[in-house]
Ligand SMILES: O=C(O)CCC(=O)C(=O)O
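Only one chain comes next, encoded as structure tokens, the form predicted on its own.
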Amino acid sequence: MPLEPLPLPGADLRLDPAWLPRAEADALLATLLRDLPWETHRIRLFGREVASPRLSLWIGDPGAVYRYSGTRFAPHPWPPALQALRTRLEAAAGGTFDSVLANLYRDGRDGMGWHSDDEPELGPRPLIASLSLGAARRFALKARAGDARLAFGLPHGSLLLMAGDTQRRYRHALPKTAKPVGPRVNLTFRRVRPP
């Protein structure tokens, strides 16, 4: 199935709910859960430092340093499984990536609050390729100004592209849920520009 545009005014969103074949998605999820040295990132929220409600790992080319929530992250080297995937994602997205933020949501108690991926080093109109593995979770977007909203599920093996003015016009979140859900790994590929 090709990447289909999603209806949200002023955003450039495209989704393929089954981009990675099931067997390949299963194998990649198992490899990442087993092999990545997952970390609890400390982030700054409302003036204080707290543990983020998920496990993460910043991966990238040498020099792909990233800052968010008041913290500087130097990249871990690319594991072979993600290096090979990067080339395929670049072809699908029509852009290049030098880094990926891997997030592990252990269960429904882990989530991501409202935010935009609008750090200066991502540039004014970043291209972000988001690959979801594991338990399906609800992804939501809301306009920074106005009342435009959209929410949809991101199933195992799905690929979501966010480009253009999406980060400037919208915030997005992965809400926590009381429903029993298994682990989910999300990989957001991006390109970091020198400061």
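A quick note: this is a predicted structure, and the numbers were derived from the prediction, not measured. One rule holds for the numbers: they count along the sequence shown, beginning at 1.
Quick note: we don't show the form predicted in complex with this ligand, though the next part is all about it.
(request) Taking 4.5 Å between heavy atoms as the contact cutoff, choose which of L174, L15, L20, A11 touches this ligand in the predicted bound form. (result) Looking at the other structure, the residue within range turns out to be L174.
(message) I'd like to know if W58 sits close to this ligand in the predicted bound form, meaning any non-hydrogen atom pair within 4.5 angstroms.
(response) No, no contact at 4.5 Å.
(message) Is L101 part of the interface with this ligand in the predicted bound form - any heavy atom within 4.5 Å?
(response) So L101 counts as contacting this ligand.
(message) My question is simply whether R169 lines the interface with this ligand in the predicted bound form - judged by any non-hydrogen atom within 4.5 Å.
(response) The answer is no: R169 has no heavy atom within 4.5 Å of this ligand.
(message) Whether L159 contacts this ligand in the predicted bound form should be assessed with a 4.5 Å heavy atom distance threshold; does it?
(response) Although this ligand is absent here, L159 would stay clear of it in the predicted bound form, with no heavy atoms inside 4.5 Å.
(request) Just give me the residues of 114-132, first to last, that have a heavy atom within 4.5 Å of this ligand in the predicted bound form. (result) Contacting residues: H115, D117, S130.
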